[in-house]
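Below sits a lone chain in structure tokens, taken as the form predicted alone.
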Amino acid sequence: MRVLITGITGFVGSHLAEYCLTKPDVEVYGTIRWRSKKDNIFHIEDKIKLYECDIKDGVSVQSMLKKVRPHFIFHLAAQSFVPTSWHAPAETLTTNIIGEVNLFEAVRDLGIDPIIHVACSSEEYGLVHEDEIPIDEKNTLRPLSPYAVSKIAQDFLGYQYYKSYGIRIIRTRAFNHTGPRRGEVFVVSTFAKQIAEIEAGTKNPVVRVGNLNAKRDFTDVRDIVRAYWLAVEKCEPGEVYNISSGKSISIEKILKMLLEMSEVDIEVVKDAERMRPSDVEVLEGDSTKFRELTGWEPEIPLEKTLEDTLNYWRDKIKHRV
């Protein structure tokens, strides 16, 4: 069984690679760019096979697929940070949309028949009304960022290529996920990193924050990648599935939980630069469709996720000092 993970050096990609390696008779392949940092996969690099590939380059994608000829493709490579999409909307749209088109077209041209998982996003739902919570897959999509628009395009391209060409594409809309190795620009990770820096004495005892009122539905990344594997094993091509814990929590509560894990006195300061032009107030998912089909349930409590994330940054900063 040959499994290809685009964006394998990323946060989710590295955790998914780890999970795939626990499966018997599975070979793991991944795409990297020449400038990709391998920090997230250094501990498994000798167990996986890497191919340099820019998903925005159709020739590069086809050449890579011709060599790998995978049975499963997990398409994770993307510009995935919402605030960046306001600063670089064209780059976000190009990477996320054209990159996926190149992948689908290469599959068509080569005549291979993999199952393709497309990692879509709960950000697609955008503006959600109070009477629409929890959000199921039939909810209207009202995107509030260029990133969300790009993910809707990925989502619908997956549906279109399934209907038009019979490519076995499964789409999932994962709600917020976090854990160790999450990039420092993402909310839980940036809080944890700042706290770890304060504890190490490399930063003044101030945590800078953005909108604390927003509520999000968090799942541990290790539960998410387990769900992704179940998606290619058990879900129906052409369909879309929410993956979520089913519970929302305010960013303020997340921050409070992390601060309680530290013995240092820390001041919280709002930072205008961390505010978004428009923000999604509440994201809380209904993943009944996915759970009933696959039997998936999240297993890792939020407290454990936060603790592991904070300890990840503590260890990383300790080795820098």
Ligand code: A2R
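Predicted model, so just to flag it, every value in this text is computed and none were measured. The first residue of the sequence shown is number 1, and the count goes up from there.
What follows is about the form predicted together with the named molecule, which we do not show.
Each of Arg33, Ile55 and Tyr147 is positioned with at least one heavy atom within 4.5 Å of the named molecule in the predicted bound form. Of the residues given (Asn102, Ser248, Thr95, Asn139), Thr95 alone sits with a heavy atom within 4.5 Å of the named molecule in the predicted bound form. Contact with the named molecule in the predicted bound form, defined as a heavy atom within 4.5 Å, holds for exactly one of Ala196, Leu76, Val207, Ala231, namely Leu76. The named molecule in the predicted bound form is not approached by Thr305, whose heavy atoms all lie more than 4.5 angstroms from it. Put simply, Thr9 is close to the named molecule in the predicted bound form: some heavy atom of it is within 4.5 Å. In the predicted bound form, at least one heavy atom of Arg182 sits within 4.5 Å of the named molecule. Interface residue remark: Pro298 is not counted as part of the site for the named molecule in the predicted bound form, having no heavy atom within 4.5 Å. The stretch from 78-86, 240-248, 103-111, 125-133 that comes within 4.5 Å of the named molecule in the predicted bound form, counting heavy atoms only, is 78-86.
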